[in-house]
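Same protein, same chain, two forms; see structure 1 and structure 2 below, as C-alpha cells.
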Structure 1
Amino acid sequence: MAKSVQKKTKRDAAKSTGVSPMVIRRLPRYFRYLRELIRNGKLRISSGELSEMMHVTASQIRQDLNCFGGFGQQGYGYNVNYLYAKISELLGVGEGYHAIVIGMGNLGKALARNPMFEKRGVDIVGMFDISPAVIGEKVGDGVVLPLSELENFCLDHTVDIAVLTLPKEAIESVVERLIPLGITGLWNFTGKELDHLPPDMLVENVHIGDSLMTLCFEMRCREKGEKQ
C-alpha cells in the first residue's frame, strides 16, 4: 500500500471535535440503554438512575453529556426521547449511510443478516466475494456479487462504508481499490491493522479475539482471587 498517504484514526477524529475518545466510545452504550428505556415507556430519567443501569457513575454521565451540551435540567433529569434523539444525531443514525460487505464467509453472512445495521440507520446495499460457491447466493435482502464488479457497482450506487470480512492477506489490495471510490469508512474485521490510509478515510479495527482474551483475563483474575 502506498506510503505517501497518512492514516486517519479515531483519535484524530476525536481531536477534531475536542471530545475524549473514551467519551465517544460510551455514546453507543447510551444509545442502547435509552432505546431500551423508550421501549419500556420511560419518559424521564435522572443521571443517578442511568448510573445504576449502566454501571457508570452519575458524575461521569453528566460530564460525558456536558461535552455535547448537557441535555438535562436540574431537578428534572433527562427527557429520554429527547436525549435518545440527540445521541442518535451525534452517532449519525439519521445520516442514511450505505454499506457494502466484502467477504461473504460465515462472518460476512452473519453480519449481512444482522438487524443492527437497520437499527442504526445503515443500509447494506451490496455484498461481494471471489468464491464461485457464494457468488449469486441470496443473503438477507440481497445477492452476493463477484468482487470484479466492485468498481462499477460503486459508480452506480452511493457507498459510504465498507465492511471488511475477507482474509487478512487480501485486505491491502482490496483497500487500494476502495480508496478512489469515495468510500470514507472502513469497518475492519480481518485482524490486520490498516496503517496507511488517506486522511479522509476512517477505520474501525475490530478484534473479536481481543474481547475474548479480555474476558478470559477477567475470569482468571476472579478465580485467582477466590482461591486466595
Structure 2
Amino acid sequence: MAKSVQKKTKRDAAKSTGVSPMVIRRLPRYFRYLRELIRNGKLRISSGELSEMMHVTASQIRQDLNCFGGFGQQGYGYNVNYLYAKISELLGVGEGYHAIVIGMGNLGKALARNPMFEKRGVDIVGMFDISPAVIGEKVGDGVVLPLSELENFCLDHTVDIAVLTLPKEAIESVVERLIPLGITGLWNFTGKELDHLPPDMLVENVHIGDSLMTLCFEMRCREKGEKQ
C-alpha cells in the first residue's frame, strides 16, 4: 500500500552542503531514471531493481537516498512518484529558477532551444548579445536583446542564473555587471575559471571538451594495449 514515509532520521541534517559531492553528482542521474520509470508507468521500485537498470550497487542507492532521509519503505521498496518528487525537490525543480543566456552564438542558441531547461524547471527569461547580427533574432520563444539592456532587464525581472556562453575574453566584465544584479548562479561554458567572486555567487563550470578527451584517452589506451 506504500504509504509515503515521512519519518526524519538523525541524518536528516545533511545540512546545507553537508552532503558528499559524489552523492550530489549522482542525484541528477537518479532524477533521469525516475523520470523514465514514470514515463513507463512504473509505480514502485526496489533498490535492487534500480541498481540493475543503473549499473550501480543497490547498497549505494540506499546509502545515497538515505543522506536525505528515509524515502523508502521496508519490504516494499520505493514509491516511484514519491521518490521522484523528493529528488526533484532536492534539485530545486519547481523552485522556478529564472535564467538568462549571455552570448547567443551557436552554443547559446543550442542551449536556449534545448528542452532541458524546461524539463528541469528552469525558465529562460532573457537572452543577450552584443552583435547586431543576432540582436532582435527570435530564438526559442524569446528575442535576443542587446547586452546594454542587461541592467534594465534585471531590474524588471527576477533573474537567478546566468548561462555564460560568450567568448572568454568578455566574461570578466560581464560577471562584474552580474554581481550587483542579484544573480547568484553562473553556468559557465567559457572555459575561463572565475576567481574572486563574492561568497554567495555559485559557479558551475562546464568543459565539454574534457569529456571528448576522456574518450580519446581510452581509445588510445586500447590501441596501445592491442599493439602489445
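For the two forms, the rigid core is made up of the largest set of C-alpha atoms that agree within 1.5 Å on superposition. Numbers follow structure 1, counted from its first residue as 1. No experiment lies behind these values; they were computed from the predicted model shown.
Engineer: Given these two structures of one chain, say which is the form predicted on its own.
Structural biologist: Structure 1.
Engineer: Taking the rigid core as the frame, does residue 25 move its C-alpha by 2 Å or more between the two structures?
Structural biologist: Where the cores coincide, residue 25 shows only a C-alpha shift between the two structures that is less than 2 Å.
Engineer: Relative to the superposed rigid core, does residue 208 relocate between the two structures - that is, does its Cα move 2 Å or more?
Structural biologist: The answer is no, as the C-alpha of residue 208 shifts between the two structures by less than 2 Å after core alignment.
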